[in-house]
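Heads up, the chain below is alone and in the form predicted alone; it's given as structure tokens.
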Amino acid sequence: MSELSGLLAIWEREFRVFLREKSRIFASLLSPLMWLFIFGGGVGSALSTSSFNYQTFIYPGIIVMSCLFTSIFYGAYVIWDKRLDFLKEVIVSPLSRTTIFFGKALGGVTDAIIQASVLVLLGPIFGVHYGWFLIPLYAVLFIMITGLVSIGLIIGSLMESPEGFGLITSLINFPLFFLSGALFPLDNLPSWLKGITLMNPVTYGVDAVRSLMLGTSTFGLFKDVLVLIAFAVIIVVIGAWTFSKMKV
């Protein structure tokens, strides 16, 4: 088996697992919709930004939230693969661990992109109409999700129990989300809080998606994309190295 065919086989397996888990797909879509319609509608009744109503403003951030949670929680499947000895069977194959890592990462990226696409289809409800931005939008999502999935795979490769994985990912997911500017503008934040948001890679993902969908940006699309590419490359390299040292 060549490395390429092995990578595609692992990706196909991950994709088939995703399609079989209807409850997982439903739950992962329900949470963003609750944020949009319940939180966005409730808070939006008393709050608005200068250019958009609140639901429209948080819409790009909720898409990124879906990508964030789906991508990082995907790492839990590494733990289950260890317990079921599936990962051990794959590792003893002629495939390199780097190929295995990229196959699983590609599967996670595919899952997150599909779920994000369902939310993207809701754009007209929030005043976002489809246009040229869809191509760069998916490029931005692909880059960002690649880095986030790699974080999940790194954590999964280091953990032994789903319970421990859940605790660690919760400690990572919520700060990344709440400190990304997904729910509030960054312009008037206290300097200490703004400094923290600037160190958060998800901040640049939210800003890039908001720039493409709504035409408003804090940092500029070019800077957002550069930061996301640097983030993805660094985390992917760390993830491939972590997989090469993983004990199964």
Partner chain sequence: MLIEIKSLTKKYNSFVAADHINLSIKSGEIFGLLGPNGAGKTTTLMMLSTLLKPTTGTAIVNGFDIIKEPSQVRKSIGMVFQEPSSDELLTGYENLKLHTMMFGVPANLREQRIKEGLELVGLTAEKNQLVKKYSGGMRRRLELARGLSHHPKIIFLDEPTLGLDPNAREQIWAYIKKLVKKENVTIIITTHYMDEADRLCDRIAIIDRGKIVAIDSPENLKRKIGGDIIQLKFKGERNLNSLKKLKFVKKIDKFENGAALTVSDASKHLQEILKVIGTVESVEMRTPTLNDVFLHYTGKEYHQNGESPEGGFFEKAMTYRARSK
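Positions refer to the first chain, counted from 1. Computed from a predicted structure; not experimentally measured.
The form predicted in complex with its partner chain is left out here; the points below concern that form.
*Asks:* With its partner chain left out here, work out from 119 to 127, 89 to 97, 169 to 177, 136 to 144 which stretch has heavy atoms within 4.5 Å of it in the predicted complex.
*Replies:* Of the stretches listed, the one contacting the partner is 89 to 97.
*Asks:* Considering V227, I25, A240, V17, which brings a non-hydrogen atom within 4.5 Å of its partner chain in the predicted complex?
*Replies:* It is V17.
*Asks:* Would you classify A9 as touching its partner chain in the predicted complex, given a 4.5 Å non-hydrogen atom cut-off?
*Replies:* Yes, A9 is a contact residue.
*Asks:* Does its partner chain come within 4.5 Å of any heavy atom of I114 in the predicted complex?
*Replies:* No - in the predicted complex, heavy atoms of I114 and its partner chain never come within 4.5 Å of each other.
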